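A single chain comes next, written as C-alpha coordinates; it is the form predicted on its own.
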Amino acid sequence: MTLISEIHEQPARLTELLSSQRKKVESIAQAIRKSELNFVFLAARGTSDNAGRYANYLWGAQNHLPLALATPSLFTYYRQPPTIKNALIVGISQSGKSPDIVSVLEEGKKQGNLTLAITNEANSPLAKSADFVLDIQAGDEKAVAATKTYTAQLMAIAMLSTALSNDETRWNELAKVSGWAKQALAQEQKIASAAQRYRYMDQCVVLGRGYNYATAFEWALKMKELSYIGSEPYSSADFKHGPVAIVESGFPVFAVSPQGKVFDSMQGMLKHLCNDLRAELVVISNSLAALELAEVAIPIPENVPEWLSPIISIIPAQLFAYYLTVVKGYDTEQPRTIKKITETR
(Lines give C-alpha, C1' and ligand atoms only; values in the text may rest on other atoms or scores of the structure.)
Protein backbone atom coordinates (compact mmCIF):
# COMPACT_ATOMS: atom_id res chain seq x y z
CA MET A 1 0.00 0.00 0.00
CA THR A 2 1.34 3.41 -0.99
CA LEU A 3 0.40 7.02 -0.34
CA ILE A 4 -1.28 7.38 -3.74
CA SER A 5 -3.30 4.19 -3.20
CA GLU A 6 -4.44 5.47 0.20
CA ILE A 7 -5.54 8.74 -1.41
CA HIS A 8 -7.60 6.70 -3.87
CA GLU A 9 -9.14 4.60 -1.09
CA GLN A 10 -10.97 7.57 0.34
CA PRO A 11 -14.34 7.32 -1.45
CA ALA A 12 -14.76 3.70 -0.37
CA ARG A 13 -13.66 4.42 3.20
CA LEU A 14 -16.08 7.33 3.49
CA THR A 15 -18.94 5.17 2.25
CA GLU A 16 -18.11 2.43 4.71
CA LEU A 17 -17.80 4.84 7.64
CA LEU A 18 -21.19 6.38 6.93
CA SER A 19 -22.98 3.04 6.59
CA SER A 20 -21.33 1.22 9.50
CA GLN A 21 -21.14 3.96 12.12
CA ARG A 22 -24.36 5.95 11.72
CA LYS A 23 -26.21 4.14 14.50
CA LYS A 24 -23.20 4.47 16.80
CA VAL A 25 -22.97 8.18 16.07
CA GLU A 26 -26.67 8.65 16.74
CA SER A 27 -26.36 6.93 20.11
CA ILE A 28 -23.42 9.17 21.04
CA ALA A 29 -25.43 12.22 19.98
CA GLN A 30 -28.33 11.13 22.16
CA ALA A 31 -26.04 10.88 25.20
CA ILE A 32 -24.57 14.31 24.43
CA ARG A 33 -28.01 15.90 24.22
CA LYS A 34 -28.97 14.42 27.60
CA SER A 35 -25.86 15.82 29.27
CA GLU A 36 -26.79 19.47 28.59
CA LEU A 37 -23.29 20.58 27.61
CA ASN A 38 -22.10 24.16 27.56
CA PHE A 39 -19.12 23.66 25.25
CA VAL A 40 -16.66 21.24 23.65
CA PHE A 41 -13.05 20.98 24.82
CA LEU A 42 -10.94 19.37 22.09
CA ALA A 43 -7.40 17.98 22.10
CA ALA A 44 -5.43 16.95 19.00
CA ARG A 45 -2.06 17.26 17.29
CA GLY A 46 -0.86 17.55 13.69
CA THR A 47 -3.34 16.49 11.03
CA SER A 48 -5.90 15.68 13.73
CA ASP A 49 -5.57 19.27 14.98
CA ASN A 50 -6.66 20.41 11.54
CA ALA A 51 -9.70 18.15 11.82
CA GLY A 52 -10.37 19.97 15.10
CA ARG A 53 -10.36 23.28 13.22
CA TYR A 54 -13.15 21.92 11.06
CA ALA A 55 -15.09 20.85 14.15
CA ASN A 56 -14.66 24.34 15.58
CA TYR A 57 -16.58 25.83 12.65
CA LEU A 58 -19.07 23.02 12.05
CA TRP A 59 -20.16 22.31 15.61
CA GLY A 60 -20.28 26.04 16.30
CA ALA A 61 -22.32 26.96 13.22
CA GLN A 62 -24.60 23.93 12.95
CA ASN A 63 -24.93 22.85 16.60
CA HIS A 64 -24.35 26.12 18.50
CA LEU A 65 -21.59 24.49 20.55
CA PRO A 66 -18.62 26.71 21.43
CA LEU A 67 -15.35 24.85 21.05
CA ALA A 68 -12.13 25.44 22.95
CA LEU A 69 -8.85 23.88 21.82
CA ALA A 70 -6.97 22.30 24.69
CA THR A 71 -3.39 23.17 25.62
CA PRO A 72 -2.07 19.68 26.42
CA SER A 73 1.16 20.89 28.05
CA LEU A 74 -0.95 22.26 30.91
CA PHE A 75 -1.99 18.67 31.61
CA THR A 76 1.46 17.09 31.28
CA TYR A 77 4.48 19.29 31.89
CA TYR A 78 2.82 22.02 33.94
CA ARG A 79 0.38 19.68 35.71
CA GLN A 80 -1.97 22.65 36.10
CA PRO A 81 -5.04 21.77 34.03
CA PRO A 82 -7.88 24.28 33.80
CA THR A 83 -11.17 23.67 35.56
CA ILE A 84 -13.58 22.17 33.05
CA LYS A 85 -17.29 21.91 33.79
CA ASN A 86 -20.27 20.80 31.68
CA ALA A 87 -18.09 20.07 28.66
CA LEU A 88 -17.70 17.32 26.11
CA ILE A 89 -13.99 16.43 26.11
CA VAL A 90 -12.97 15.22 22.64
CA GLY A 91 -9.65 13.66 21.70
CA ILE A 92 -8.87 13.23 18.01
CA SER A 93 -5.92 11.01 17.09
CA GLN A 94 -5.22 8.62 14.24
CA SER A 95 -3.20 6.27 16.44
CA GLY A 96 -4.72 7.12 19.82
CA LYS A 97 -1.28 6.75 21.38
CA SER A 98 -0.11 10.30 22.12
CA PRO A 99 0.16 10.62 25.92
CA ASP A 100 -0.67 14.33 26.03
CA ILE A 101 -3.98 13.85 24.20
CA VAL A 102 -4.84 10.92 26.46
CA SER A 103 -4.05 13.03 29.52
CA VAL A 104 -6.63 15.65 28.50
CA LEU A 105 -9.40 13.04 28.31
CA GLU A 106 -8.34 11.42 31.58
CA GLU A 107 -8.39 14.75 33.41
CA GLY A 108 -11.65 15.73 31.77
CA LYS A 109 -13.29 12.53 32.95
CA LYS A 110 -11.79 12.98 36.42
CA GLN A 111 -13.50 16.38 36.59
CA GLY A 112 -16.85 14.77 35.74
CA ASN A 113 -17.16 15.52 32.03
CA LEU A 114 -18.33 13.33 29.17
CA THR A 115 -15.44 12.12 26.99
CA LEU A 116 -15.24 11.06 23.33
CA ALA A 117 -12.34 9.58 21.35
CA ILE A 118 -12.30 9.90 17.55
CA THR A 119 -9.60 7.50 16.41
CA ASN A 120 -8.56 4.86 13.88
CA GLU A 121 -7.49 2.50 16.68
CA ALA A 122 -10.46 1.31 18.74
CA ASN A 123 -8.21 -0.43 21.29
CA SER A 124 -5.76 2.44 21.76
CA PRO A 125 -4.98 4.20 25.05
CA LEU A 126 -7.11 7.15 23.92
CA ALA A 127 -10.09 4.90 23.20
CA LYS A 128 -9.73 3.15 26.56
CA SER A 129 -9.78 6.49 28.38
CA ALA A 130 -13.05 7.67 26.77
CA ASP A 131 -16.72 7.16 27.60
CA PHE A 132 -17.49 6.90 23.90
CA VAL A 133 -15.34 5.83 20.96
CA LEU A 134 -16.00 6.79 17.36
CA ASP A 135 -13.90 4.43 15.23
CA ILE A 136 -13.21 6.14 11.90
CA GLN A 137 -12.48 2.76 10.29
CA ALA A 138 -10.04 4.09 7.71
CA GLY A 139 -8.09 0.85 7.65
CA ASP A 140 -4.35 0.47 8.07
CA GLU A 141 -2.58 3.63 6.90
CA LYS A 142 1.02 2.79 5.97
CA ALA A 143 2.20 6.08 4.46
CA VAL A 144 3.62 8.55 6.98
CA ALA A 145 1.55 11.44 5.58
CA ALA A 146 -2.05 11.04 6.73
CA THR A 147 -4.69 11.24 4.01
CA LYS A 148 -7.57 8.79 4.39
CA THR A 149 -7.53 9.09 8.18
CA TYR A 150 -7.93 12.86 7.85
CA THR A 151 -10.99 12.73 5.59
CA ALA A 152 -12.45 9.98 7.78
CA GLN A 153 -12.00 12.23 10.82
CA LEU A 154 -13.79 15.04 9.00
CA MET A 155 -16.58 12.65 8.02
CA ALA A 156 -16.96 11.48 11.61
CA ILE A 157 -17.16 15.09 12.80
CA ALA A 158 -19.79 15.86 10.14
CA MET A 159 -21.80 12.75 11.07
CA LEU A 160 -21.85 13.72 14.74
CA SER A 161 -22.95 17.23 13.85
CA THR A 162 -25.76 15.83 11.71
CA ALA A 163 -26.88 13.40 14.42
CA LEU A 164 -26.94 16.21 16.98
CA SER A 165 -29.14 18.32 14.70
CA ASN A 166 -31.31 15.30 13.76
CA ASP A 167 -31.57 16.59 10.20
CA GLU A 168 -32.37 13.96 7.55
CA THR A 169 -31.57 16.40 4.74
CA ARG A 170 -28.00 16.61 5.96
CA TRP A 171 -27.75 12.80 6.17
CA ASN A 172 -28.77 12.74 2.50
CA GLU A 173 -26.00 15.22 1.69
CA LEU A 174 -23.49 13.08 3.56
CA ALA A 175 -24.52 10.14 1.39
CA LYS A 176 -23.24 12.08 -1.66
CA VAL A 177 -19.76 12.72 -0.24
CA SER A 178 -18.20 9.55 -1.66
CA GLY A 179 -19.38 10.39 -5.17
CA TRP A 180 -18.02 13.92 -4.90
CA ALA A 181 -14.72 12.48 -3.67
CA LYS A 182 -14.51 10.29 -6.78
CA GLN A 183 -15.07 13.36 -8.96
CA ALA A 184 -12.28 15.18 -7.13
CA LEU A 185 -9.93 12.26 -7.79
CA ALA A 186 -10.73 12.51 -11.50
CA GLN A 187 -8.56 15.67 -11.55
CA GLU A 188 -5.43 13.56 -10.90
CA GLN A 189 -3.72 13.81 -14.29
CA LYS A 190 -4.34 17.54 -14.54
CA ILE A 191 -2.87 18.03 -11.06
CA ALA A 192 0.12 15.81 -11.83
CA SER A 193 0.90 17.92 -14.87
CA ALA A 194 0.40 21.21 -13.00
CA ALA A 195 2.78 20.16 -10.23
CA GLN A 196 5.65 20.21 -12.73
CA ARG A 197 5.40 24.01 -12.80
CA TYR A 198 6.34 24.22 -9.11
CA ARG A 199 9.36 21.92 -9.14
CA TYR A 200 11.66 24.68 -7.82
CA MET A 201 9.22 26.34 -5.42
CA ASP A 202 10.57 26.53 -1.87
CA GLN A 203 7.97 28.77 -0.20
CA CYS A 204 4.32 29.69 -0.57
CA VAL A 205 1.26 30.64 1.43
CA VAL A 206 -2.03 28.74 1.61
CA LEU A 207 -5.29 30.63 2.17
CA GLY A 208 -8.70 29.49 3.36
CA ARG A 209 -11.49 30.84 5.49
CA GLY A 210 -14.52 29.54 7.36
CA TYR A 211 -14.88 25.76 7.11
CA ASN A 212 -11.85 25.63 4.81
CA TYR A 213 -9.55 27.34 7.27
CA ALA A 214 -8.84 23.71 8.23
CA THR A 215 -8.10 22.83 4.60
CA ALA A 216 -5.52 25.60 4.30
CA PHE A 217 -3.67 24.23 7.33
CA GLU A 218 -3.84 20.63 6.11
CA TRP A 219 -2.69 21.45 2.56
CA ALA A 220 0.22 23.45 3.95
CA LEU A 221 1.11 20.60 6.31
CA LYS A 222 1.13 18.05 3.50
CA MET A 223 3.52 20.19 1.45
CA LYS A 224 5.80 20.65 4.47
CA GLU A 225 5.80 16.94 5.34
CA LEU A 226 6.32 15.63 1.83
CA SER A 227 8.00 18.35 -0.26
CA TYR A 228 9.82 20.25 2.53
CA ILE A 229 8.35 23.55 1.33
CA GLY A 230 7.96 26.52 3.65
CA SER A 231 4.18 26.62 3.19
CA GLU A 232 2.39 28.92 5.63
CA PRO A 233 -1.38 28.72 6.14
CA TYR A 234 -3.53 31.74 6.84
CA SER A 235 -7.11 32.82 7.06
CA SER A 236 -7.56 35.26 4.19
CA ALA A 237 -8.65 37.81 6.80
CA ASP A 238 -5.50 37.34 8.90
CA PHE A 239 -3.35 37.40 5.76
CA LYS A 240 -4.67 40.87 4.99
CA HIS A 241 -3.50 42.09 8.41
CA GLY A 242 0.19 42.24 7.56
CA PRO A 243 1.51 39.00 5.99
CA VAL A 244 0.26 40.04 2.52
CA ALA A 245 3.32 42.30 2.45
CA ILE A 246 5.48 39.30 1.50
CA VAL A 247 3.69 38.91 -1.84
CA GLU A 248 5.44 40.19 -4.94
CA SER A 249 5.04 39.41 -8.61
CA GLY A 250 5.12 35.66 -9.20
CA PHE A 251 4.87 34.72 -5.51
CA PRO A 252 2.92 31.42 -5.22
CA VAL A 253 -0.36 31.63 -3.33
CA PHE A 254 -2.54 28.53 -2.92
CA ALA A 255 -6.20 29.08 -2.05
CA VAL A 256 -9.24 27.01 -1.17
CA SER A 257 -12.31 29.05 -2.06
CA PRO A 258 -15.55 27.11 -2.62
CA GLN A 259 -18.92 28.79 -2.83
CA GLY A 260 -20.46 29.74 0.50
CA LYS A 261 -20.80 32.48 3.06
CA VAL A 262 -17.11 33.49 3.03
CA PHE A 263 -16.72 33.29 -0.75
CA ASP A 264 -17.08 37.03 -1.42
CA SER A 265 -14.40 37.79 1.17
CA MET A 266 -12.03 35.22 -0.35
CA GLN A 267 -12.80 36.45 -3.86
CA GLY A 268 -11.88 40.00 -2.92
CA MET A 269 -8.51 38.80 -1.64
CA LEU A 270 -7.88 36.65 -4.73
CA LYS A 271 -8.66 39.58 -7.04
CA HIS A 272 -6.23 41.77 -5.11
CA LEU A 273 -3.53 39.11 -5.28
CA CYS A 274 -4.06 38.50 -8.99
CA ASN A 275 -4.75 41.95 -10.37
CA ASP A 276 -2.81 44.25 -8.04
CA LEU A 277 0.06 42.13 -6.70
CA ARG A 278 0.41 39.74 -9.67
CA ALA A 279 0.77 36.69 -7.45
CA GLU A 280 0.84 33.18 -8.92
CA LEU A 281 -2.47 31.60 -7.89
CA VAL A 282 -3.39 27.94 -7.50
CA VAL A 283 -7.09 27.76 -6.63
CA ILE A 284 -9.38 24.92 -5.56
CA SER A 285 -13.00 25.97 -6.00
CA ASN A 286 -16.42 25.18 -7.42
CA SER A 287 -16.84 28.77 -8.59
CA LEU A 288 -15.86 29.68 -12.14
CA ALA A 289 -15.19 33.26 -11.00
CA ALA A 290 -12.51 32.06 -8.58
CA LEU A 291 -11.01 29.53 -10.96
CA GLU A 292 -10.65 32.14 -13.72
CA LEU A 293 -8.20 34.09 -11.54
CA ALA A 294 -5.82 31.14 -11.18
CA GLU A 295 -2.74 30.09 -13.09
CA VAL A 296 -3.68 26.56 -12.00
CA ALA A 297 -7.43 26.06 -11.57
CA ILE A 298 -8.58 22.90 -9.78
CA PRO A 299 -12.36 22.48 -9.82
CA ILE A 300 -14.40 20.47 -7.34
CA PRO A 301 -18.05 19.46 -7.92
CA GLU A 302 -20.30 22.49 -8.16
CA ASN A 303 -23.05 21.16 -5.89
CA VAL A 304 -20.89 20.40 -2.83
CA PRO A 305 -22.41 22.31 0.11
CA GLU A 306 -20.05 24.58 1.99
CA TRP A 307 -20.25 22.61 5.25
CA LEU A 308 -18.97 19.47 3.51
CA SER A 309 -16.50 21.16 1.17
CA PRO A 310 -13.42 20.52 3.39
CA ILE A 311 -13.84 16.75 2.92
CA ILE A 312 -13.76 17.19 -0.85
CA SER A 313 -11.37 20.13 -1.30
CA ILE A 314 -8.51 18.45 0.57
CA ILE A 315 -8.42 15.55 -1.92
CA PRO A 316 -6.99 17.53 -4.87
CA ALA A 317 -4.68 19.25 -2.36
CA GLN A 318 -3.39 15.82 -1.30
CA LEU A 319 -2.84 14.90 -4.95
CA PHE A 320 -0.98 18.16 -5.55
CA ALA A 321 1.32 17.56 -2.56
CA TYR A 322 1.95 13.99 -3.72
CA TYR A 323 2.86 14.88 -7.30
CA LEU A 324 4.93 17.87 -6.23
CA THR A 325 6.93 15.48 -4.07
CA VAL A 326 7.39 13.16 -7.04
CA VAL A 327 8.65 15.92 -9.36
CA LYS A 328 11.04 17.14 -6.68
CA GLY A 329 12.46 13.61 -6.45
CA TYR A 330 11.62 12.98 -2.78
CA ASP A 331 10.31 9.83 -1.11
CA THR A 332 6.52 9.98 -0.92
CA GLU A 333 6.29 7.07 1.54
CA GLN A 334 8.92 7.95 4.12
CA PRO A 335 9.61 11.68 4.52
CA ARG A 336 12.86 12.56 6.23
CA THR A 337 13.06 12.87 10.02
CA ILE A 338 9.39 12.08 10.81
CA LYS A 339 7.55 8.90 11.81
CA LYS A 340 4.03 7.64 11.32
CA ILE A 341 3.19 7.74 15.02
CA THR A 342 4.36 10.72 17.04
CA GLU A 343 3.97 10.46 20.79
CA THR A 344 4.22 13.84 22.50
CA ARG A 345 3.88 14.64 26.19
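Note that the structure is predicted; figures quoted are calculated from it, not measured. Throughout, we count residues from 1 along the sequence that is shown.
Below, we turn to the form predicted in complex with a further copy of the same chain, even though it does not appear here.
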Legend entry - Contact at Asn123, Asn303 and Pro316 by a further copy of the same chain in the model of the complex, all three, heavy atom at most 4.5 Å: no
Inset, instruction - With heavy atoms only and a cut-off of 4.5 Å, decide whether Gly139 touches a further copy of the same chain in the model of the complex. - result: no
Inset, instruction - Consider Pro299 of the chain shown here, and say whether it contacts a further copy of the same chain in the model of the complex, taking contact as heavy atoms within 4.5 Å. - result: no
Inset, instruction - Please run the contact check for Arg209 against a further copy of the same chain in the model of the complex: heavy atoms, 4.5 angstroms, yes or no? - result: yes
Inset, instruction - Report yes if any heavy atom of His64 sits within 4.5 Å of a heavy atom of a further copy of the same chain in the model of the complex; otherwise report no. - result: yes
Inset, instruction - Counting only non-hydrogen atoms, choose the one of 124-132, 172-180, 269-277, 159-167 that falls within 4.5 Å of a further copy of the same chain in the model of the complex. - result: 269-277
Legend entry - One residue of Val244, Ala194, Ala143, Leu114 in contact with a further copy of the same chain, assessed in the model of the complex (non-hydrogen atom, 4.5 angstroms): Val244
Legend entry - Residues in 218-248 with any heavy atom within 4.5 Å of a further copy of the same chain in the model of the complex: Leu221, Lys224, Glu225, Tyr228, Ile229, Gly230, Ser231, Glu232, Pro233, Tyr234, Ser235, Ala237, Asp238, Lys240, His241, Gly242, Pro243, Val244, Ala245, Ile246, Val247, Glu248
